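Below you'll find only one chain, the form predicted alone, shown as structure tokens.
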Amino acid sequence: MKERILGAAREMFLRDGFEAVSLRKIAESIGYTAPALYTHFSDKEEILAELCRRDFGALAVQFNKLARVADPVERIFRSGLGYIRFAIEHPNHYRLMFMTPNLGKIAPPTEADIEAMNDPDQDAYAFLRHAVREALECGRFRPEYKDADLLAQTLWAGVHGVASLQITHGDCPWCDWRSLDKRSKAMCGSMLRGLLRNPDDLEGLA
């Protein structure tokens, strides 16, 4: 039953907006009574928090597959491609995670969530920031770039743009879209080339 609740809630949050959804409406959509839902979740905020916890965990699992890539620059590049791929393969998850306004205020993280956010094994942003710090320590970025979080957030913004445009406008006929693979590699490659001390570090990747 819990999985049905989460699945229905995800669809309704995306379709109707979080504020318009109630536990009663979620219950009705799957043929249950509201009191039955209370045995699993105390309110819709708890449902949203559980969805986010699962979805961010799934993204972290994808990133951790790249942990064995020794070169931090290559790891950053491949993380960007992996991020976009995750978004396109799981568009509803992605919309909820990264396209829901005020998500952190609606479903604030617990202490355990915050602890996980600082662990590269459990959090995708921490994974990216760790790779960026490695590259900084090796002197791979241009000398004017010293802030790992600034670099990670800039790189994140670029791949988010590719992912969100594909999800929201990928089937629009007014734009002669190039392939997602080409756009993904162009974004990841161009961003890194502009930041790296030696742009040739990307040779063979992009």
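Rigid core: the largest C-alpha set superposing within 1.5 Å between the two forms. Numbering starts at 1 and runs along the sequence shown. On a predicted model such as this, the values are computed, not experimentally measured, just so you know.
The same protein has a further form, the form predicted in complex with the DNA, not shown here; the description that follows concerns it.
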message = Since only the chain is shown here, I'm wondering whether residue 147 would be in contact with the DNA in the model of the complex (any heavy atom pair within 4.5 Å).
response = no
task = Spell out, yes or no, whether the shortest heavy atom distance between residue 154 and the DNA in the model of the complex is within 4.5 Å.
result = no
inquiry  = How about residue 191 - does it come within 4.5 Å of the DNA in the model of the complex, if we only consider non-hydrogen atoms?
reply    = no
ask   = If you check in the model of the complex, is residue 33 within 4.5 Å of the DNA, heavy atoms only?
value = yes
note = Exactly one of 169, 40, 142, 54 comes within 4.5 Å of the DNA in the model of the complex through a heavy atom, and that residue is 40
remark   = As a check of understanding, the residue in 15, 197, 24, 182 with any heavy atom within 4.5 Å of the DNA in the model of the complex should be identified as 24
key: Stretch from 170 to 178, 156 to 164, 55 to 63, 42 to 50 whose residues place a heavy atom within 4.5 Å of the DNA in the model of the complex   = 42 to 50
query = Would you say residue 198 moves its Cα by 2 Å or more between the shown form and the other one, aligning on the core?
reply = no
request  = Spell out whether the Cα of residue 163 moves at least 2 Å between the shown form and the other one when the two forms are superposed on their rigid core.
outcome  = no
ask   = Do residue 30 and residue 168 have their C-alpha atoms closer or farther apart in the model of the complex than here, with the shift being 3 angstroms or more?
value = farther
